[in-house]
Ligand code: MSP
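One chain comes next, on its own, written out as structure tokens in the form predicted alone.
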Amino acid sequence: MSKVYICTAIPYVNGDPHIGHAMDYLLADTFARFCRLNGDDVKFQVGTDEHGNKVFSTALKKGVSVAEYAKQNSQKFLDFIQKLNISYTDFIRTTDEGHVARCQKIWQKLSPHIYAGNYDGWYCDGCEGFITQKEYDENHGICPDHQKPYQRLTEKNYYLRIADFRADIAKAIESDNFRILPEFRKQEVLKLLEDTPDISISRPRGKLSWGVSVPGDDDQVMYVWLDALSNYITVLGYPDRDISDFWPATAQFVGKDILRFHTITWPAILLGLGLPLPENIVSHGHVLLNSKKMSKSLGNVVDPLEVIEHHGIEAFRYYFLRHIDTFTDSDFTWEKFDEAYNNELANDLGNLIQRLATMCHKNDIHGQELNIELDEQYLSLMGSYEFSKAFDQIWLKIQQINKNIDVSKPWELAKSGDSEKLNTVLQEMVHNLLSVGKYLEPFLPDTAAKIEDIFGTQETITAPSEPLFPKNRQ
């Protein structure tokens, strides 16, 4: 048994949960369930990022205290996580007293690599992020996400000296001790690393009042990335306790838009603390709507809660884990979703479960206990975080069982009176479907549990009273 630590990027609480957050959670949960299936001891972190100007200003507009507003929105994300059936073990809020105190201790440990300086450059208020001159030029002075001009800032900040860590970060990336997935992102990060300046890690309290105070300087507040990134280790108790049982993290799941912070800023912080880097940073692409990036400004955002409410959590997990590629941008449309639901989930799997259970019940076939060893192809794909490809392989097994039913024609064996052969054929199909259920556990845990419940007892198998996935849901 190995100890496995899985991390997700903590979302900013000023907005609503969106598809990108869902992908973080689904991918991390799939890996967590796979590790448990493989006998590992899993710790799985989720949480919320609650400091910053937008949280503060929105709370003022709503007429509630900033602490209460952060609490309400943190609960909204926790409810979302639970609705997705995410098997997390630890939930952290960056406003937790323990996190705040540990962040301040982390700052003090990093002090040999921190210096005060004046920032004179660009800033995006919408992103709450500093913008390099190169980014400014590439985007022609306008944030592509918020469609607003960047602001010019001149202020005193504290900086983390990236030059102290640049060579070690590059060496770790190139040696695959700190693996960035997919592989093509590795060269992107190495290129970014060459030009990354020292990183601002604070802002004046007059510009950012809602945040963690800088130790020894009440006029400064920690900037979001030092505060937020540290959650991955403060949730384990660092620096108050030894975290070596679970650190370094086995995998951290992030969207590609925040990859540079997790592959440059975060490693710099860890190296400054004398801690090992995560083993894998798994970066997923964007979910597109009709081949266009989802954006509030474009009015083409799909609410994941609407999808779940309309089709159920297992259908949501099915589409976004199988039809959305693990690593690259993929397209969502309601038409594609409904087609996948009806033709694959309802027909291939739901109908298979229903008709096999019905035939077994009619012919007094008992359920069976099953212990299987996962095949090497599945283990390899899951261990490489190729979840959509692993799901495709499972579906081939499902389609093969359907084909076997059509070829063997159990109903004709029943008519012929060849009960011995009929029993053998049906028992083999039950065995194969129970095996599929095991492979499905990381992806569709509720469905896998139902397959086990229907076919995995020693009593006579009974068909569900209604289909698991009713067709033509509107």
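Being a predicted model, the structure only gives us computed values, none of them experimental. Think of the rigid core as the biggest set of C-alphas that the two forms share within 1.5 Å after superposition. From 1 onward, residues are counted along the sequence shown.
Keep in mind that the form predicted in complex with this ligand is missing from the display, and what follows is about it.
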Option touching this ligand, based on a heavy atom within 4.5 Å in the predicted complex, out of Phe337, Tyr119, Trp225, Tyr123: Trp225
Contact assignment for this ligand in the predicted complex, among His284, Arg317, Arg93, Arg203, heavy atom within 4.5 Å: His284
Distance check, Ile451 to this ligand in the predicted complex, heavy atom within 4.5 Å: no
This ligand contact in the predicted complex: Ile461, any heavy atom under 4.5 Å: no
Val221 within 4.5 Å of this ligand in the predicted complex, heavy atoms: no
Gly255 within 4.5 Å of this ligand in the predicted complex, heavy atoms: yes
Partner-facing stretch of 184-192, 102-110, 351-359, 231-239, counted where any non-hydrogen atom is within 4.5 angstroms of this ligand in the predicted complex: 231-239
Any residue of 3-42 that, in the predicted complex, places a heavy atom within 4.5 Å of this ligand: Ala9, Ile10, Pro11, Tyr12, His18, Gly20, His21, Met23, Asp24
Residue shift check between the shown form and the other one, rigid core fit, His146 Cα at least 2 Å: yes
Exceeds or equals 2 Å, Cα of Leu426 between the shown form and the other one, core fit: no
Large Cα shift (2 Å or above) at Lys54 between the shown form and the other one, core-fitted: yes
